[in-house]
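Presented as structure tokens, the chain that follows is alone, the form predicted alone.
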């Protein structure tokens, strides 16, 4: 049994969670504890008690602890990557890559712990010194999704600890294994007082609800669905807690007539279908100028036909399974909705059988769509992309921006004029030119606009905006 970690102790849960491999539903990845509301409350109380001691420790002590965590993650990246791929369905190279990223994130924030700076301002009053400093928020609650089960926890936990906060962490109930493995590494880091870091696995209806409502949780960072994110945000804002929300996207990739066709196809396929399309930054809408449309669709179909859909751990697999039966059902429903609204399935969207029982779906390309169709306005979160034909650049830009979301956007073009204009006028928080919309650096800010994100940016030096509070002090000399 893999238990919760509260106040420095491994504690059995109120119930258990059987973690199933989506590549092979007969394979039990592990059995994990599920906490109830009482245990979630216990974790928050433990964090609140431990946080002042952690905040008083030197920046070097916090840096050393994070560096040790990062070192162990990197040393075990193959093992952790295999666990990730086994429970979530990413291909093994993708799983190892994500584990590597998690290690690099901890290493980065080990450095950031030493770089936290303040400011001295001249006062308007003679003899008065004015200082601006950053201090930890206190207890930070972290709720993470299933699609990046070690990288997203890492990029939330690492800055929280680096800046002197205590953490209560709830991984996605669907994939607890990677979160538990990360917690086990953190627990053995050696420098964290008991209670500074707590792992509370379980359903959001109980654990997440406690985190959102508990008065001692001073800040909450959430990545997940829009509906849940809005509910969490309302609870936090009602009681005055700081909140950060990442809630998905409907990301456009514009392909202009002057684009390099082979490059555009690779950008589109990588961005839309790799990681089984289960990325909030995935390119789910291809907005293609009419002069290149037919050639682009034909080339994408040819590229998709070359991809191998199979067991995530098998060598040569390009696309693994969908993460669960429920997610697979949702993907298939959206394909049917698109067909009923007039879309044409130009490729894929079919269930396939493999040597093991799994949730296997061929990547779906849907053509003959317009931007008002549900397939172009609602997040599918699977290996499904639609194509919208447009006349010119201005129409492409309008269609790209015509969505309630604004996380990531991209354009394929050889025109500096259009690339520069798109970077300025796109209403997404992250804009890509001739690179996939899915794929970001850990040292650069991550986040979107409109319905995709709320609050301060994640990752890089910008993370300090969420995990610290500014204090201004005045001193009479």
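What you see is a predicted model, and the numbers here were worked out from it, not measured in a lab. Positions refer to the first chain, counted from 1.
The protein also exists as the form predicted in complex with a small molecule; that form is not presented, and the subsequent description refers to it.
Undergrad: Given the stretches 379-387, 310-318, 98-106, 130-138, which is the single one in contact with the small molecule in the model of the complex, using a heavy atom cutoff of 4.5 Å?
TA: Flagged stretch: 379-387.
Undergrad: Of 280, 183, 365, 322, which one comes within 4.5 Å of the small molecule in the model of the complex, counting heavy atoms only?
TA: It is 280.
Undergrad: Go through 343, 248, 177, 348 and name the one with a heavy atom inside 4.5 Å of the small molecule in the model of the complex.
TA: For this set of options, the contacting one is 248.
Undergrad: Does residue 223 reach the small molecule in the model of the complex, with heavy atoms at most 4.5 Å apart?
TA: Although the small molecule is absent here, residue 223 would touch it in the model of the complex, with heavy atoms inside 4.5 Å.
Undergrad: Is residue 209 near the small molecule? Define near as a heavy atom within 4.5 Å, in the model of the complex.
TA: Judged by the heavy-atom cut-off of 4.5 Å, residue 209 is in contact with the small molecule in the model of the complex.
Undergrad: Since only the chain is shown here, I'm wondering whether residue 217 would be in contact with the small molecule in the model of the complex (any heavy atom pair within 4.5 Å).
TA: Flag for residue 217 set to no.
Undergrad: Can you tell me whether residue 204 touches the small molecule? I mean in the model of the complex, with a 4.5 angstroms heavy atom cut-off.
TA: Yes, residue 204 is a contact residue.
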